[in-house]
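Quick setup: one chain, the form predicted alone, written in structure tokens, and binding and motion questions come after.
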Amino acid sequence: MQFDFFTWLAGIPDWIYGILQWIYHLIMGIFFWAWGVIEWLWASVFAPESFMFLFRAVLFPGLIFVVLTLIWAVWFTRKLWGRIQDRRGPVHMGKYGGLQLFADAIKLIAKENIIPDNAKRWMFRFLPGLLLVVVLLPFCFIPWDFDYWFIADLSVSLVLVFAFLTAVPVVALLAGWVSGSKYSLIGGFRAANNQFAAEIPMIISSVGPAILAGSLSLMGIAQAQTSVWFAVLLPINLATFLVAAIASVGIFPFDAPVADSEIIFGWRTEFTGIYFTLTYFAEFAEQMLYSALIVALFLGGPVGLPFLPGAVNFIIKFIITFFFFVLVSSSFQRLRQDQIVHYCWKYLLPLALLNVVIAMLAIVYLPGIAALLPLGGP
């Protein structure tokens, strides 16, 4: 078969045209794909509604705000403990010792992460981070403000918060078990025991506000207190919730799970470096969460001084509540494990139930109180 040069030459324009078409379609395909990505980013991130949701979730009242508040909470706790116990507290790093936490964090992160030979290695690495995430997620449901400054408002947010918090002692027990140490395991069992002892009185204490508001939403409970704070109708529930929350966190006087004079440092004994830092921050984050829950359930949430924004009212009450949280935890001696169960079940539980019953009777027989609540409205 002979090669026809002139026929081949005549087909070059069609070949070039085909290549140009292929390049054109490729460029247009890339362009439309990039344009679709830009439209998706705009709809998901840069559109006003989506952008402001991300702003709330990331900045305020989201992750960055919670982390900054966590840093403040650690500093505030150490300074307050120092004043109560006639010590100076942190003073050397930064103004009023404000940079001491950063120095401690750098020191801990720089330390070697020692994993015991008997530990389950991947779980040992995974559980501290999981613990911090479980404690931080419920902050999504805290109603810092009625109109705007909240991340999620679900009809069962109160139930979800307790569902997350119930996982905390489970993680502590698993952390004690995977550490391969008898002290850690004993501390894990003690942490679970604290939760079992304190959880029922705490949930009963939160049932009162839910019943009075007729809602299981933290937003709905806070909105129901525009006329009267539930701390007025449920003062005993406020006290029992505070004590049960301290017992659930496992700090003084309910710190048997990490009793250094008995079991070294409990379920956190084997954690070092960044792993210990995560568990340390999780403890303070849990205290902050319970303080925010007390504000939402009993102190009206954003309801307060009318000339201040709702979020500012909430933060002021949050700081005051956290102050009492630290005050109680720094003023009493350590209780034995059996005493913790004894006090929670023998005293906190009956008192929590009694206050709910009294509040229900007051609503039925005192119409003036019923008129202040959503259930007693017209």
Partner chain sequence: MGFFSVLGDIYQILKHTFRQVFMRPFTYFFPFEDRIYPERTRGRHIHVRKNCTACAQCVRACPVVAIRIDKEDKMYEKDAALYFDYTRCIFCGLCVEACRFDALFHTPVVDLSEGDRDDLVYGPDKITTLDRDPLEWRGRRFR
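Residue numbers count along the first chain shown, from 1. Since the model is a prediction, treat every value here as computed from it, not as a measurement.
The form predicted together with its partner chain is left out here; the points below concern that form.
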item	value
Residue among Ala163, Leu308, Val232, Val91 with a heavy atom within 4.5 Å of its partner chain in the predicted complex	Val91
Interface residue in the predicted complex among Tyr347, Trp42, Phe32, Phe55, criterion: non-hydrogen atom within 4.5 angstroms of its partner chain	Tyr347
Answer range among 81 to 89, 140 to 148, 106 to 114, 125 to 133 for contact with its partner chain, defined in the predicted complex as heavy atoms within 4.5 Å	81 to 89
Its partner chain contact at Val328 in the predicted complex, heavy atom, 4.5 Å	yes
Any non-hydrogen atom of Phe51 within 4.5 angstroms of its partner chain in the predicted complex	no
Contact flag, Ile315 vs its partner chain in the predicted complex, heavy atom cut 4.5 Å	no
Close approach of Ile319 to its partner chain in the predicted complex, 4.5 Å, heavy atom	no
